[in-house]
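A lone chain, given as structure tokens: the form predicted alone.
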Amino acid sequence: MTWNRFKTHYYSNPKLGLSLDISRIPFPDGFLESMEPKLQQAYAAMDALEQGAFANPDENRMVGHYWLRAPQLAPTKELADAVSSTLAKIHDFTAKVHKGEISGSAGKFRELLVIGIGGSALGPQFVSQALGRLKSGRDKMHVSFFDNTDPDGMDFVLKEIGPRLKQTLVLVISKSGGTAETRNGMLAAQAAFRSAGLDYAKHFVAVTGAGSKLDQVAVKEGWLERFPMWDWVGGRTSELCAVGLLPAALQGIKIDQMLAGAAAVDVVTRKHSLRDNPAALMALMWYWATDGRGAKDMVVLPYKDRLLLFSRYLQQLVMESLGKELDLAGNVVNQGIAVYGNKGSTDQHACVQQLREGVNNFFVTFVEVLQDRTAGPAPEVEPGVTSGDYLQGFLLGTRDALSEKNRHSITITLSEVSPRSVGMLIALYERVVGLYASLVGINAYHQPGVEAGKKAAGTVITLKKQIDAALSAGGGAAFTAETLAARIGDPGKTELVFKVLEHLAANPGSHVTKVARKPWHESTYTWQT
């Protein structure tokens, strides 16, 4: 790469503390200019989105996550007031919790358990990891998560909390209030509180849609508080509403600075001038790198431990937004960009060997942070050299090593990791995703595949109940998977019946025992009372 190309294609915004190097994506001369008509259409679509267009036609909804950090731009006063009043409520509730004015059945809250999944967990987890114990060395509250329906995972978290459960505040986050994984986590937490002799209603807070199942439960049982989720904020873009701001504030993170950082990036990325708009530049790099059809994966390598979970957060934001079967005209396009990554320099001992010499099916996004640490100068590991110098050396060296083998990369540089810069990253990628979706002609704001997966899971649960009923009515008879599938009248689901039986037999309390036989499919299953 030449210095002249770097100079030409390096974006720097000292006011934001943000730089972007696209010079190592080898787009040819004239590419940026050739994309200008598509880019103008993308700008127009984004402008319409922010003005209140119904960008989620499947659900007949607006998409308004940009109003969360600029409520004055919301299309109605009611929406603006809802955002502002909720932020004020978050601040008020958090202050009272920290002072002990709001407390549980055993005094002041010192632990926080967040129960959610997908967008209700990935963003809060990323922010908690990135900004926890940032300067003071300790948080206002220690945060744990239930982010799955895995009983062993929930047991692990509860054991970690241990006797501090009596000092634990629980946030249950679900827009619909019917998300199975979140409901299951809520029930597991409630059972733990009951076992400890605690009134869980004095510890629980709901973040949900008005009138949802969860909202109704919280009202009926007299939970501590309820915070709103709005239908115009999708889960993957919900970090800067109560979903993410409430747990962050309770942890002690300066959420106003996060919002300010996001708002500052929004201002820059609204510009219709390509050279002045880092989100537009990134969207065009994604387009060129993937041939506008997801031909390559995106490897995200932040060279900062605090940003470890950034790639996980981006997996949902990017893949749920862009992974679409149909374009806006109804044509089958099977779009998407797969995202994976860990952190530097850990990945140099994991996947860089393949990235440099294996299949060339990716492009890299390096995230560089200039400030090494917040606690003063780092100690030297060699004369005149710190561990932070080595970290930058590994980043720059890996970037060059990949370039030597025609492996392409983008580099984002931040001055520091702070609430403001994390807010900037969130806003930047939200905008890139929206612009890229417009460039390739898809809807970034619905998720029909996710709904299909939920329906399929429901089918399995229904089948499990049928299996239980058939076995329990069998009078102690032994069934193979085949004979049981026939008994419930659905031989076409024999494989699913077998899988469910194997799971039941492996778990105490299911009442199902297995006798293994050869061949394996002749194994039998019996109901034991």
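Quick note: we count residues from 1 along the sequence shown, nothing fancier. Keep in mind that what you see is a predicted model, and the values were worked out from it rather than measured.
The same protein has a further form, the form predicted in complex with another copy of the chain, not shown here; the description that follows concerns it.
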| property | result |
| --- | --- |
| Site test, 225, 418 and 466 vs another copy of the chain in the predicted complex, non-hydrogen atom cutoff 4.5 Å | no |
| Interface membership of residue 407, another copy of the chain in the predicted complex, 4.5 Å heavy atom rule | yes |
| Another copy of the chain contact in the predicted complex: residue 43, any heavy atom under 4.5 Å | no |
| Heavy atom of residue 495 within 4.5 Å of another copy of the chain in the predicted complex | yes |
| Touches another copy of the chain in the predicted complex: residue 353 (any heavy atom, 4.5 Å) | yes |
| Which of 454-462, 91-99, 252-260, 421-429 lines the interface with another copy of the chain in the predicted complex (heavy atom within 4.5 Å) | 454-462 |
| Single option in 393, 211, 107, 197 placed near another copy of the chain in the predicted complex, where near means a heavy atom within 4.5 Å | 393 |
| One residue of 77, 275, 293, 220 in contact with another copy of the chain, assessed in the predicted complex (non-hydrogen atom, 4.5 angstroms) | 293 |
| Heavy atom within 4.5 Å of another copy of the chain in the predicted complex - qualifying residues of 489-506 | 494, 495, 496, 498, 499, 500, 502, 503, 504, 506 |
